[in-house]
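Same protein, same chain, two forms; see structure 1 and structure 2 below, as structure tokens.
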Structure 1
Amino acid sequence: MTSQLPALNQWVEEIAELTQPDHIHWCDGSDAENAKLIEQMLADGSLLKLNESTHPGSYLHRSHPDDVARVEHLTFVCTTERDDAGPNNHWMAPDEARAKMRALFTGCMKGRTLYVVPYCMGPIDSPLSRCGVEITDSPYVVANMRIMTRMGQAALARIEREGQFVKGLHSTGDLNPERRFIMHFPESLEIQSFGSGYGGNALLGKKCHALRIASHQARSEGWLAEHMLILGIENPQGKKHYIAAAFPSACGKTNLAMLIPPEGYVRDGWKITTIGDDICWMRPGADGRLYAINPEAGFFGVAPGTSAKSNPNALASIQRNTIFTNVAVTDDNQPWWEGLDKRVPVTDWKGNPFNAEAGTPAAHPNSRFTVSAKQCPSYAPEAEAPAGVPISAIVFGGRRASLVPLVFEARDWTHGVLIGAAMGSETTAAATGAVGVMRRDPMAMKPFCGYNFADYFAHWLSFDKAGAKLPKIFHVNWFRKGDDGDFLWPGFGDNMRVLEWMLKRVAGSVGSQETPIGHLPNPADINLDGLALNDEAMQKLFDYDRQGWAAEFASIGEYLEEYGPRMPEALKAEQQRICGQLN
């Protein structure tokens, strides 16, 4: 099989000549093809079948112990001009990067099959979707791409119609960390990844295409590619709103995307649906509103911490037809990870007998599950809507033990972009040995923006023009702590109370407290029924510390200066204006 698109055939031929595979297989995405790949991986031991009665159609993959996470220090953005990649990216000159990768790819697929994987990011018929082709020598990658994207014949047909696609070349190589690179060439819409079989490094549709390359595409084409969940909220009257939200890792993104409201809300008829848990592509519609799609078709979720208490919808999603990576296994061959339940596994993520007294985790802390989004109980059918869904609110948030209140609203779009640009999270002692070290992670895009952050902020600002009906922008902090070190807000399902207040602000049905940092809620306007919040909680969650915020905005000013003359004057002026009000 080949394509009807000469440019695609020629590229596949060139890569085959370079990599020297024994076979070439064009993937059609069919059930029969998938079954054959699974059978092949079971035979060579790269997949292990899990308990068929408890987890039908599910498998375990163990990756190389040195290949278990994204490798940001080996991830490069290769633009002609170094400043176009910006200080937020590792940069390499395109010619140097191509030469380095060509040497690695030469003959690397001898004895292997080259798989041609045509895929579509987003609903197959959506004008917001974009296509790519990944060439890989990993059947594990093919099986995962089938779950995470719309992969196969229909995607190939769209590529042939449009005549353009993102070119992704991947080989696991010899899995040597010294010979591992992930290169992005945004100017020519290309990705080259060598030496890793791990998700974000190898499933090129995910962070590589859907964020690093797509953010560059989005800038030139007038849309936004963002590291955001999308959830739907239906009120008791049947009115639906959609919210996009960006959080750095370990800030409850998937939990919010699959939120189950408190009992009283469910009883009253509120419903939450999940459009996506990780990536959001937004484009202005004819009516001036922003419309969003989730470009992914599946969830590539972190397993540890996922439980019936923390995220029952995620747990229900992964009871069948799931690929687990680097989890532990129980005595009856079920997948297991820390935080799941009280059972003790027999085998750790490396396949060794588990020793509970050794003090090392049974599942790798970054162990994963890959599953179709359609298996999620809260999955929204409108995730397949070609036009996307209209966004009523954009939410930014981080993990801040102090200073930042529960929720506040930006005064306008420029202020909202500044809130997103300045957002960050405090590290924990477990992670760094120092508590409360603030790391800024603009729009949760620090590892994923494919170009200079200063230009990225300017692109965000450009959406505020005549006729635009832009979403309101909010900032949340579920992680404020009291003097005793305990969280002041219960979080999880109770975050619904904050979402309800946001929708009231969107509708204009409640007022707010005007402060220099933005609109804070009047506590009486948030449903706190059944919550026992003491005076300290009420004060810290719903008020602001002028002196503390003056220091924060001085720090934000220093951060913006790091990007030099490309930083938009409008953002610097906004920071100065707020500084003036705080001092």
Structure 2
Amino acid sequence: MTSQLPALNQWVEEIAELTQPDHIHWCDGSDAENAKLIEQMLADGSLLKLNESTHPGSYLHRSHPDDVARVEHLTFVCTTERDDAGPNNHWMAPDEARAKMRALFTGCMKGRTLYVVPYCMGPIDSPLSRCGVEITDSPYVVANMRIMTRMGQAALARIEREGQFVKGLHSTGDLNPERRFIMHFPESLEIQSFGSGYGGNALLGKKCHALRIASHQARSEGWLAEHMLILGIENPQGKKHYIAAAFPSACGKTNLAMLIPPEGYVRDGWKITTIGDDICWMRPGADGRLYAINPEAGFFGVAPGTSAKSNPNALASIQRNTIFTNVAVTDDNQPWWEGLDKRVPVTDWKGNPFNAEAGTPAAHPNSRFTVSAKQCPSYAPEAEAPAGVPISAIVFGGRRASLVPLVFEARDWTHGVLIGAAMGSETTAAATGAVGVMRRDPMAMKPFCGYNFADYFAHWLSFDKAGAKLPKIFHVNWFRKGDDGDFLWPGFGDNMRVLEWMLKRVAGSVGSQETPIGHLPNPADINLDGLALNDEAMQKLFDYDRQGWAAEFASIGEYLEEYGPRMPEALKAEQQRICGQLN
């Protein structure tokens, strides 16, 4: 098979020439094709069948133990000008990067099949959607792309019609971390990824296309590509709002997107529905509001911590037709991870007998599930709407053990952009490297913005113009800890209480405490019924520590300075104004 687009056929031929595969397969996305790939992976051992009666149609993939997370130090944005990538990215000159990758890709598919994977990010018929083609030699990648994107025939038809697509080239190579690079060429809409089979490094539609390349493209086309969940929230009167929230990797997007409200709320008629759990593309509509789509079709979610108590919707989603990566296995061949339940697995994520005494987790902390969004009980039909959904509130948040209160609201758009730019969070297992280290992660985009953060903040600021009806901006922290080291806020379903307060603020029905860092809630305006928060919790969740924030704002000022004169004056002025109020 080939396509009706000469440019695509020519590119596939060129890559085949370079990589020397034994076979070329154009993916149509059909069930039969998927069944064949699965059969082949079962035969070669790259997939293991899980318990068919408890988890029908589900499989386990164990990755190479050195290939379990994104590799930020090996991820590059290759723009002509170094400054266009910015201090927030690793940069390599495009020619140098291309030469390096050409050497790695030469002959790398000998003995393998080259898969051509046409995909569409977003509903097939949405004007906000964008297409790409990933060439890969990994059947695991193909199976995952089929779940995570609209992959196959319909995407190819759109690509043929439009004539434009992002070119992604991927090979697992020999999985040697010394020969691993994730290169982005945003100016020519190209991605080249070598030496990893892990999600964010290998499923090129996700972080590489839908965030790094798309953010670059969005800047010139007047829209935003963000690391955000999108949820729908319906009040007892039947009025529906949509909220988008940016939290860094493994900081609660999937959980918030699938939230089940506390009992009293459900009884009263509140409902949360899920549009997306990781990526949000939004642009202003004719009415001045921001309209958002989820460019993905599935969830590549963190397994550890997912339980019937913390996230029943996720757990229900992954009972069938799910690919698990790097989880543990029970004696009756069911997938298992820390936080799921009290059972003790027999096999760890590497396939070794599990030794509970050793003190190391059975599932990898970044073990994941891949599942179609359609299997999620809370999945909203509007997620398929070509026009997207109008956003009423944007939420930023990080994992902050100290200082940052439960919730506060920006005074206006500029202040909100500063709150996003100033985001800090403790690192997690989603990327290789140390865990629990506080770093700046503006808008949860530190690893994903395909251009200079200074220009990115300027782009965000530019949405505040005549006729715009922009969402309110909030900041949350579910992860504040007490002196005993435990979380002070129950989190998960109880986060509904904070969402309700946000809607009251959107409606203008409650006041707030005006502070230099923004509007803090009057605790009486947040429904805390049934929660037994002690004095320490009340104080740390709802007060702000002036001295601590003065130090934080000084550090935010230093951070903004790292970007030099490109940093928008309006943002620096806002930071300085707040500094002045705090000191």
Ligand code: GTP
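Each form is matched to the other, and the largest set of C-alpha atoms that superpose within 1.5 Å is called the rigid core. Because the structure is predicted, anything quoted here is derived from the model rather than measured. Residue numbering: sequential along structure 1, first residue numbered 1.
Participant: Of these two, which one is the form predicted on its own?
Facilitator: Comparing the pair, one sees that structure 1 is the form predicted on its own and the remaining one is not.
Participant: Note yes or no: does the Cα of E536 move by 2 Å or more between structure 1 and structure 2 after the core is superposed?
Facilitator: Comparing forms between structure 1 and structure 2, the E536 CA shifts at least 2 Å.
Participant: Return yes or no for G163: a CA shift of at least 2 Å between structure 1 and structure 2, with the rigid core superposed?
Facilitator: It does not reach a 2 Å shift.
Participant: T360: CA shift of at least 2 Å between structure 1 and structure 2 after core fit?
Facilitator: Yes, the C-alpha position differs by at least 2 Å between structure 1 and structure 2.
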